[in-house]
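The chain that follows stands alone, in the form predicted on its own, written as structure tokens.
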Amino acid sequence: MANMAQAIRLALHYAHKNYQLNDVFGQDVGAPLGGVFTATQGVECAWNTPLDERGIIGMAMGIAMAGQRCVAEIQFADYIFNTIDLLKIAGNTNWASYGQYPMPLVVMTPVGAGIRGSMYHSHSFESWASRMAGWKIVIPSDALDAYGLLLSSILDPNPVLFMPPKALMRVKGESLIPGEPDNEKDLKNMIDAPLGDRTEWFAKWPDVQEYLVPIGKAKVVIPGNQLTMVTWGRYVQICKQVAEKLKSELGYQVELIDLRSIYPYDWQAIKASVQKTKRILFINEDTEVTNFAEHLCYRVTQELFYDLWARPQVVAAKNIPGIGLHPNLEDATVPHVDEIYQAAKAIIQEVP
């Protein structure tokens, strides 16, 4: 099975050949590196820019306003903050021009902790991004969703922020991408560049096919009837561990929802699940103050108050300026299995 970085690579190749995607660019995105996570390695239309985040976003806006599709990478989400004003303009251009100037650009930037990246390589960005009206925002949790969400993002006439979790870039998927070789070693030999001299190396792309994951559509990862857990990105895998532990140790049936899209988000999936389970817990690794899950929690309270048997809750990262380098500091900052387990258990055991 392809890992997430390979899946992104395959999607970019497919879009280049089939969607007229002619520009994939950013710091170290082109040859020879192919991105710090190798997510653009071998992509024919990938090229390198200076280390200039504002220049990268400005270039993407110009290409999009000229009617062309492009994917611009900010190497880590930690370095996207100095482009906020440009992102705001990109978000309102299609709306302000009454559709005369679509903005079919994708900004790809890896997010989150889990790689022991310390203060400058561990930020989440979805809560900030959720305030940028006009943008669509997606976060994949596995390789197949990364492939399908990226293709949908490239086809969208609006600007889309595609944020693969840093910690999942090397994690293999559980399902084959359509057209992917059955043997992962074959895929590696075809599209992974060798170490050392790469001047004569070119990717041999498999005949991958179109696979689209609709933006704004959540996925029920595990069905259940006693508690709804809503999360996204790398916490889907972590919450699966929690749900399995709750089932094996206490017999609790937890419904786990992968939101996949921060905006537009699948409110109907959340609503239907809460009306079934009567309890809900939101989990993510962005900081706890003005966290996007707080908005979801507020909406649940406002619209589904009389369906609830327990107060809705949010488990998020501590509100501190950064994440320390030592593993103990990171583990104490972002949610971990036991913290989520204890919160879930308490909600289920709360007497209505």
Partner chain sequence: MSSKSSQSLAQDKDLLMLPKELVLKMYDHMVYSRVLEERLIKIYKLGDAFFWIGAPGEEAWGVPLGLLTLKGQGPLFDYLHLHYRCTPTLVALGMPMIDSIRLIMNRVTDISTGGRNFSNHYCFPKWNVVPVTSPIEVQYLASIGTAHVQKKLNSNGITVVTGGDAGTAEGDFASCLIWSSRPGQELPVLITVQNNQWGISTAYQGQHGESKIADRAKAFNIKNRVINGLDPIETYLCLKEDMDYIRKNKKPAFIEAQVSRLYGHSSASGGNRSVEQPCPIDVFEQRLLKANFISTDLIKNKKEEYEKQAQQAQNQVRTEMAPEAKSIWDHIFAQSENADWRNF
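As the structure is a computational prediction, the values presented were derived from the model and not from experiment. Positions refer to the first chain, counted from 1.
If you look for the form predicted in complex with the partner chain, you will not find it shown, but the lines that follow are about it.
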property	result
The partner chain in the predicted complex: contacting segment from 61-69, 282-290, 29-37, 309-317, heavy atom within 4.5 Å	61-69
Any non-hydrogen atom of Gly251 within 4.5 angstroms of the partner chain in the predicted complex	no
Contact flag, Gln75 vs the partner chain in the predicted complex, heavy atom cut 4.5 Å	no
Close approach of Arg54 to the partner chain in the predicted complex, 4.5 Å, heavy atom	yes
Gln100: touches the partner chain in the predicted complex, heavy atom cutoff 4.5 angstroms	yes
The single option of Trp201, Tyr120, Trp95, Phe81 touching the partner chain in the predicted complex, heavy atom within 4.5 Å	Trp95
Heavy atom within 4.5 Å of the partner chain in the predicted complex - the one residue of Phe162, Tyr235, Phe125, Tyr265 that qualifies	Tyr265
Heavy atom of each of Pro50, Gly134 and Arg299 within 4.5 Å of the partner chain in the predicted complex	yes
